[in-house]
Ligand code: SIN
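As structure tokens, one chain now follows by itself in the form predicted on its own.
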Amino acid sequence: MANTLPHLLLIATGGTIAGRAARADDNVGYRAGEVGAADLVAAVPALAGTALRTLQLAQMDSKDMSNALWQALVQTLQTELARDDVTGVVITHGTDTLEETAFFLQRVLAPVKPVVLTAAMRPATSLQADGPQNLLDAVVVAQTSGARGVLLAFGGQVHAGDEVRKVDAYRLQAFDSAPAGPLALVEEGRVLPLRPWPQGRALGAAVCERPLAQWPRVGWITSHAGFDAALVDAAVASGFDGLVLAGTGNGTLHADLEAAAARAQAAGVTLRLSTRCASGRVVGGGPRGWPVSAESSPAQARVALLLDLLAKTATPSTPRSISA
């Protein structure tokens, strides 16, 4: 590999931050993923002197996030983080599934170098575009001495990748990490730490190396009034391997959902219990002794279950953090 100067890598995947609308006053009728990585950087004059290499990995709306792109991200990050000249990575991403991607990457890689996701709630063409500032903040975080792990830089805050969740559908301050709160603040180009950077033992990239057709099928089903057990029965009949049950309150389940989930378990489906509440985890045990997910949202609980099932059949390897 040719010797190059230390630099950051920007991986662009699309999202609202790269969105384009016909009018500057239209913040909802835009097409995501229209603006390329080089143009995103060019829109932030303060990045002009930054050693930054760009890679356009995808141009998609993150509502359509796929296992294939997750696999590609892991493979790309494994290669790039092992380079001595890459000091950190910034990933532009849509907000809709960002909490799932961030959780997935932290659990799989637990990188020692910073991998900083960022995004926007307004398209690049908006009068109120928040992408340029968020991108600048992400670069600042990625350049911060001691920063590590998968992070989100958004709205002047830094969140841990395995804690963050989207909490608002429209307003600019759309992410939170309750109950612990953000890891740090970004103010005028300075990072003000509030809590330690995330650490963890990586599952390892090998967990994602199985052909995509062999990845487990995992979904989540939410308990609600008037629940129809046909939802669970259909998932079992169509071959789902795992289900997260998002209960009401402290993980309570509609009686018909509980009965259908028991049938699913008897048919070989792996279950996890979570809560549909906006914050908090299920405290205590679940019905029928079903395991409770340690994760705070059904979205993250689903990713955790997916990784658990992948790990059961992955090529044996020693889990480690990517530090090279």
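A quick note: this is a predicted structure, and the numbers were derived from the prediction, not measured. Start at 1 with the first residue shown and count on from there.
As for the form predicted together with this ligand, it is not shown, yet the points below apply to it.
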* **Contact stretch among 46-54, 275-283, 258-266, 25-33 - heavy atom within 4.5 Å of this ligand in the predicted bound form** => 25-33
* **Contact of residue 63 with this ligand in the predicted bound form (heavy atom, 4.5 Å)** => yes
* Asked: Should residue 134 be counted as a contact of this ligand in the predicted bound form, where contact means heavy atoms within 4.5 Å?
  -> no
* Taking heavy atoms and a 4.5 Å cut-off, does residue 152 contact this ligand in the predicted bound form? -> no
* Wondering, does residue 94 line up within 4.5 Å of this ligand in the predicted bound form on heavy atoms? -> yes
* **Option touching this ligand, based on a heavy atom within 4.5 Å in the predicted bound form, out of 254, 210, 166, 148** => 166
* **in the predicted bound form, the residue from 121, 140, 160, 81 that sits within 4.5 Å of this ligand by heavy atoms** => 121
